[in-house]
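First, one chain by itself: the form predicted alone, in structure tokens.
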């Protein structure tokens, strides 16, 4: 059952920030995650602030330098089908197309997808876990077959559920925000928070702050990108293992690039060991094999999720073969 709360629909960004800054407020964009969180009782909310009247935060526009600006309220379906995104940033279109089900993609927004709450069954269940203000991560000693193998420091082993955040991080995208202290622009790569910094928040958003736009830089003319997601069910499921790859190529040689994993860590996980294995190298069979092995560097799997190591090795090998 949903808790009682007031509902407001401000018509300006300034009023939106004002309502959010009052405390006890939650943002309602597409609502595909918020309503589930309210039903599960994992958020204390006195007021729901709808963004639906902020029409300027919708749509995809090309910038003067050849990049793109995507409004935070642009739906996941629009991102997956936009011709400019499909042409310039295929890994983002692919990631968006892998989100949940068609119905949820039609309703959910890009900004909301970046700000999702964890899907850990202890967090969503009736457990006062560390992320909800308790003293323990129950998944560490419980069922953790779908949980993190990187970046958890044995503090909180959630995996970040977004399929758009890894491609955006791989593409060096930035997030624009508006809050009580004004505007900020920050890399998607630093937008999410590791448990060792604060196990009770997912993003660096401050109270009253809201995402307004996502910036994508102009891609290099020789950029190749892709996103691969492995999941237990073909539809409406979260990544067991995935990878967003964006490579700047010179023929078959990798000049530079980024590889960001999904289903791997409490944040979209930058696989720098893979990047180092391919940077400056010809993307041949031997290089791809070395890169696939390198993805496991620094991993800290638990007894029930060691299988993810082989999954990630396979994903990296297949995707590097696909983009070369």
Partner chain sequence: MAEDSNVYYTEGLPVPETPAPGDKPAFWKQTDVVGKRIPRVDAYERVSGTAVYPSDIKLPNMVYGAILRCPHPHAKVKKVDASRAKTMPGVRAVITGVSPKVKGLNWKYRNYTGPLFDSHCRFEGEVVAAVAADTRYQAWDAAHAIEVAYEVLPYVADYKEALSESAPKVHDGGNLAGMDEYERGDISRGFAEADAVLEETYETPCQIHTPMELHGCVANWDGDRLTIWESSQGVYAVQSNVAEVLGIPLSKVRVIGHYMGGGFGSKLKPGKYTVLASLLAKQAARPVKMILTREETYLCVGNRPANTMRLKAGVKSDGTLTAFEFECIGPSGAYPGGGTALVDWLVRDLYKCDNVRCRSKDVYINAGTARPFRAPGHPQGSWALEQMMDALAEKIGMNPVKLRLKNIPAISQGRSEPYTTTGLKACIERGAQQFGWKNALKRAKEQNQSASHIKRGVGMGACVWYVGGGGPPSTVIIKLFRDGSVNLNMGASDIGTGTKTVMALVTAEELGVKPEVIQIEHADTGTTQYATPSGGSKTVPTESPTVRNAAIDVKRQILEMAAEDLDVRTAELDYEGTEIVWRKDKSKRIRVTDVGRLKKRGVVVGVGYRGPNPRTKTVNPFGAQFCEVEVNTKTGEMRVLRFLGAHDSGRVLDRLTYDNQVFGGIVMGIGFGMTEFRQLDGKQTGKLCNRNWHDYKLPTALDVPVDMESLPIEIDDPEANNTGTKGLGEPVTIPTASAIANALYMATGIRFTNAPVSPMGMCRRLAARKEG
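Positions refer to the first chain, counted from 1. As the structure is a prediction and not an experimental result, all values here were calculated from the model.
We do not show the form predicted in complex with its partner chain, though everything after this point is about it.
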The stretch from 116-124, 167-175, 201-209, 151-159 that lies within 4.5 Å of its partner chain in the model of the complex, judged by heavy atoms, is 116-124
Indicate whether its partner chain has at least one heavy atom within 4.5 Å of a heavy atom of residue 142 in the model of the complex. yes
Residue 314, heavy atom within 4.5 angstroms of its partner chain in the model of the complex: yes
How about residue 220 - does it come within 4.5 Å of its partner chain in the model of the complex, if we only consider non-hydrogen atoms? no
With heavy atoms only and a cut-off of 4.5 Å, decide whether residue 322 touches its partner chain in the model of the complex. no
Select from 22-43 the residues with a non-hydrogen atom within 4.5 Å of its partner chain in the model of the complex and write them out in sequence order. 39, 40
